[in-house]
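Below you'll find only one chain, the form predicted on its own, shown as structure tokens.
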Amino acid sequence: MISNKAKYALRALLAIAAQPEGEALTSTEIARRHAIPHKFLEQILLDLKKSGILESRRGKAGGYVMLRPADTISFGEVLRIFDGPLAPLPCLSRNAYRRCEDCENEARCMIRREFARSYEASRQVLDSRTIGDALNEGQELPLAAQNRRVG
């Protein structure tokens, strides 16, 4: 399960990335539109800024803008910023690997083997899907609506 912090970060990124290029969105507006507690959101936006994903602008047209293109920011990257490693076991993590304290033989561990299968599938999806992908698909008609148009 992802944290509320990560979920709100993804909502905020989607909102900012949906703005016309170069047009800023204020934290107040994001919080209002997406029902995110404003003080909590400010900390999230600061973390995204420190991570090199967002830029803040001052002044009348101030707010937050994307520092990087939306199609270069994966869901996995954002989750790691806020929730840490994605791996369900420390011995599966690529960035924070450590051997399990009670492990007798990592190569023969059935628990590791089974969790590795689901983790790899999940990791591939989260690291390949971007904020840009989600926005582009949001512009398309849902499958049910497409079927109604055809039928």
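Counting begins at 1, following the sequence as shown. Small disclaimer: the values here were computed from a predicted structure and weren't measured.
Heads up, the form predicted together with the DNA isn't pictured, but that's what we're talking about next.
> Give a yes or no on whether each residue among Ser27, Lys50 and Arg57 has a heavy atom within 4.5 Å of the DNA in the model of the complex.
All three within 4.5 Å in the model of the complex.
> Only one of 66-74, 33-41, 118-126, 103-111 gets a heavy atom within 4.5 Å of the DNA in the model of the complex; which is it?
Correct option: 33-41.
> If we define contact as a non-hydrogen atom of the residue within 4.5 angstroms of the partner, is Leu46 a contact of the DNA in the model of the complex?
The answer is yes: Leu46 has a heavy atom within 4.5 Å of the DNA.
> Considering only 1-26, what residues come within 4.5 Å of the DNA in the model of the complex, judged by heavy atoms?
Heavy-atom contacts within 4.5 Å come from Ser3, Asn4, Lys5, Tyr8, Leu25, Thr26.
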